[in-house]
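A single chain, nothing else alongside it, follows as structure tokens in the form predicted alone.
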Amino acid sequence: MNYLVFEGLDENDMKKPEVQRYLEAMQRELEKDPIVGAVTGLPDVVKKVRFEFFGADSSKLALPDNVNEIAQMLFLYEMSGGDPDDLFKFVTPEYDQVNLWVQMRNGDNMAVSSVVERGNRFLLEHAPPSGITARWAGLPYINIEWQHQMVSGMRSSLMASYIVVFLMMVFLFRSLRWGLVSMLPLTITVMAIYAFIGFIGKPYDMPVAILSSLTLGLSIDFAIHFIQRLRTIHKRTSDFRKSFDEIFQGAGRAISRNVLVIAIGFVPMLFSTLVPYITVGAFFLAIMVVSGLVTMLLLPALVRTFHKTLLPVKADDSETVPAAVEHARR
């Protein structure tokens, strides 16, 4: 159940014929959406009472053209012996606000959004009577608003965090080139995981949104270890081949084992009965595997290809390590 609330400036505004006709037009417009089962509101009450008052004459199943007759139909309903509070589920006692009940067959956020968009489009194309404003209400509408705020907020936070991490990498390595290289595992991991989430049709729910920020820290971690260790080794040896071999014997082996241990550690969560736990387990498993593979496959390939630019041999090293200089010249 979703609600569309219309509010007037004065009491009895909702008894005006032009307002009642506008409410009925909005009902018919919303009912065109296949998601909507029915839309119920004050015009239905007025028409039904008028229909019965005139002896079930089908020609009277319509909205009156004057405010007095509408007021009389509503008064008759209040005095009919039923629960008068039933009427005030559709309108306030002052008749300054009215509520349309939008009954939907599906409460999915995308379905609700389509209904809300249809109603908003009708409001833009056909302006309400003077002094009448409209707003959506109800739990389904709260859900789509909450989702909108969550998605836009998380997207902004993720982009801002990405920029901050890049600046930190440039500052840490004192190099724009190394900063760009170090961001590759993070970038590819985020793109791969979210592309897969979209491909399988997984909704962007709260667990996925919360885990988005964790992707940045986990994906950049292995790259920092690999690059910093490689730079330290090369500073000592001044020989790319020796440095390349040594990095895989030490840091490379440690990173590989770290990826394996952490990834396996999240496997039991995949067998949980709670869907959020399964999401967390699958997400962390994917982060570890993808970021680990990119770090151990792509970064070495890039370093090997551009090692003369990324790991240049300093001039003072040429006096103590002539072999490394000769290799760099070749």
Partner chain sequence: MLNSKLILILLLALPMAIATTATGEDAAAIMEKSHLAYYYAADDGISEVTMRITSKRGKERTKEFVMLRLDEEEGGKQKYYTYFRKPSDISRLTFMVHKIPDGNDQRWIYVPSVDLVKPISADDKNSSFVGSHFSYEDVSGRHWSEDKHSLLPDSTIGDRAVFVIESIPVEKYKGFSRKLSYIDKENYLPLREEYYGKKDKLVRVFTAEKVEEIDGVTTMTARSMENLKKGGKTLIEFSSIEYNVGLDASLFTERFLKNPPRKYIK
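Positions refer to the first chain, counted from 1. Model, not experiment: these values are computed from the prediction.
The discussion below concerns the form predicted in complex with its partner chain, not included here.
- Across the proposed site, 53, 75 and 92 without exception bring a heavy atom within 4.5 Å of its partner chain in the model of the complex.
- Only one segment in the set 269 to 277, 287 to 295, 301 to 309, 53 to 61 has any non-hydrogen atom within 4.5 angstroms of its partner chain in the model of the complex, and it is 53 to 61.
- Site annotation in the model of the complex: the residue of 214, 164, 79, 172 reaching within 4.5 Å of its partner chain with a heavy atom is 79.
- Checking 183, 192, 71, 116 against its partner chain in the model of the complex, a heavy atom within 4.5 Å turns up for just one residue: 71.
- Although the partner is absent here, residue 108 is not a contact residue: none of its heavy atoms lies within 4.5 angstroms of its partner chain in the model of the complex.
- Its partner chain in the model of the complex comes within 4.5 Å of no heavy atom belonging to residue 18.
- Contact check for residue 221: no non-hydrogen atom falls within 4.5 Å of its partner chain in the model of the complex.
- Using a 4.5 angstroms threshold between heavy atoms, residue 125 stays clear of its partner chain in the model of the complex.
- Contacts of stretch 1 to 23 with its partner chain in the model of the complex, defined by any heavy atom lying within 4.5 Å, are made by 11, 12, 15, listed in sequence order.
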